[in-house]
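Consider the single chain below, provided in structure tokens and representing the form predicted alone.
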Amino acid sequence: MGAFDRERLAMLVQPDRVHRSVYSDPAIFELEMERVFGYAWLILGHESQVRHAGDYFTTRMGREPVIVVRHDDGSVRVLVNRCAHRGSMVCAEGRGNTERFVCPYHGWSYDRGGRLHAMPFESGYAGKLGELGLHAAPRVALYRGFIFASLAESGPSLEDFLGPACASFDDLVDRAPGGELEVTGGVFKHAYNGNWKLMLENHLDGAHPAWVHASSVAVARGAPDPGPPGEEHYYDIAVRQMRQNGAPDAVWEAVGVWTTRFGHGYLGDYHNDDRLVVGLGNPVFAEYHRMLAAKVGEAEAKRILGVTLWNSIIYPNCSFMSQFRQLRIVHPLAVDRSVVYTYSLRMKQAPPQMFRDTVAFANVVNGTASWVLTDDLEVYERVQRGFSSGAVEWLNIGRGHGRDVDEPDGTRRGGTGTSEIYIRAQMRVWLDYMTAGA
């Protein structure tokens, strides 16, 4: 067996600690691309990005550049963006509509399903050219409009993979009157010099905001109070968010944090609609509530708006926020380099102001000029630099260890809201993926 056989990999992850090489060894990163990103279901985007036949957008599945395209038969296909001839990418655009994907090197062209359509100088090639085409992801599935694909021929179904985390997508979609969501406004991309796992861990970490975001919390506390309902300003979103980040320890300890069999996780019991910019008492929110109730009835509307899930992680590549309609997908580039795609989702049948506030939230929280993301990126890079030290081999993930509780729905809940149960769950499934291929 290779340098990282099953026994050696198993030694890297222990109940309350993880070896630094999991985040810093390029050889381990290469195995992750094969055994984690080459096997797991990965979220790629939303069906609203490929409404019509020929609509496409480009993205990545681990190391693989891919094209997500709507086929003539209405299905969604995921094609590896690599010509079968000499390997050039056949599509350089981020999105568009096309009849054919044409390689810019020698003119080989492929239809929307990836089948080889034509090639110049066909008589000069030998072999079974009819079998050549763009490689397609063997498994593609949708859940509530979100597109997933796996590069593995077999494995759990998408719904088995999501398990209890389906509730997070249900919450996100059910909040849209008529269940109609769309990605709009393009995609915001940022990179950081750190391992891909750092972002997924940070988004469920209730212990870090008061420290990482201390300076912005202090500024927000000194800022004028947000305007009354109906009179909020764009910057009020930042003030509200920063003040929430500075909540007392007791508030964070009371937050719910759950994990699932496949490493997914989510937070609840804190954010609710009276904490949002367009919140209870706001005339825009009241109109939105009325439109939702007109679709599903008043009782169901109250049930939907009473769900308090917020940050959700779909391991290994996605983070989203139901109430703020933000979707972030992390793409590993190297062991110490990652890029994140951020999408904003619009509720098509909600008041336009709701989407305006979604975009505003994206700018003040997820933008590279925001008060929040800049702090997080600085910490990711400091952590990554710390991993280069060989003096300390292990990092501790023991906060709350021994107090996790199994729930009836198959989830596992942290004993407190600041438990590091989410890292332990992610590391457990990471080890499952890595050793299954050993």
Partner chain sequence: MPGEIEQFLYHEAHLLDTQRFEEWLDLFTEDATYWVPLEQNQSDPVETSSIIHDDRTLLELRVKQARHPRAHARTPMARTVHQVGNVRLLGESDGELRVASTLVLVEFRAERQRVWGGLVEHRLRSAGATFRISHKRIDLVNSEGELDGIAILF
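Residue numbers count along the first chain shown, from 1. Worth saying up front: this structure is predicted, and the values here are computed from it rather than measured.
Not on display, but discussed next: the form predicted in complex with the partner chain.
Q: Among 94, 138, 113, 185, which has any heavy atom within 4.5 Å of the partner chain in the predicted complex?
A: Comparing distances to the partner chain in the predicted complex, the residue within 4.5 Å is 185.
Q: Check each of 349, 75, 244, 363 and return the one that places a heavy atom within 4.5 angstroms of the partner chain in the predicted complex.
A: In short, 363.
Q: Only one of 161-169, 288-296, 117-125, 190-198 gets a heavy atom within 4.5 Å of the partner chain in the predicted complex; which is it?
A: After filtering at 4.5 Å, what remains is 190-198.
Q: Can you tell me if residue 100 lies within 4.5 angstroms of the partner chain in the predicted complex, counting non-hydrogen atoms only?
A: Because no heavy atom of residue 100 falls inside 4.5 Å of the partner chain in the predicted complex, the answer is no.
Q: Look up in the predicted complex whether residue 89 has a non-hydrogen atom within 4.5 angstroms of the partner chain, and give yes or no.
A: No, residue 89 is distant from the partner.
Q: Under a 4.5 Å heavy atom criterion, is residue 378 part of the interface with the partner chain in the predicted complex?
A: Close contact exists here: in the predicted complex, residue 378 approaches the partner chain to within 4.5 Å, heavy atoms only.
Q: Is there a non-hydrogen atom of residue 356 within 4.5 angstroms of a non-hydrogen atom of the partner chain in the predicted complex?
A: It does: once the partner chain is placed as it appears in the predicted complex, residue 356 has a heavy atom within 4.5 Å of it.
Q: Any residue of 365-381 with a heavy atom within 4.5 Å of the partner chain in the predicted complex counts; write them all down in order.
A: 368, 369, 370, 371, 374, 375, 377, 378, 381, in sequence order.
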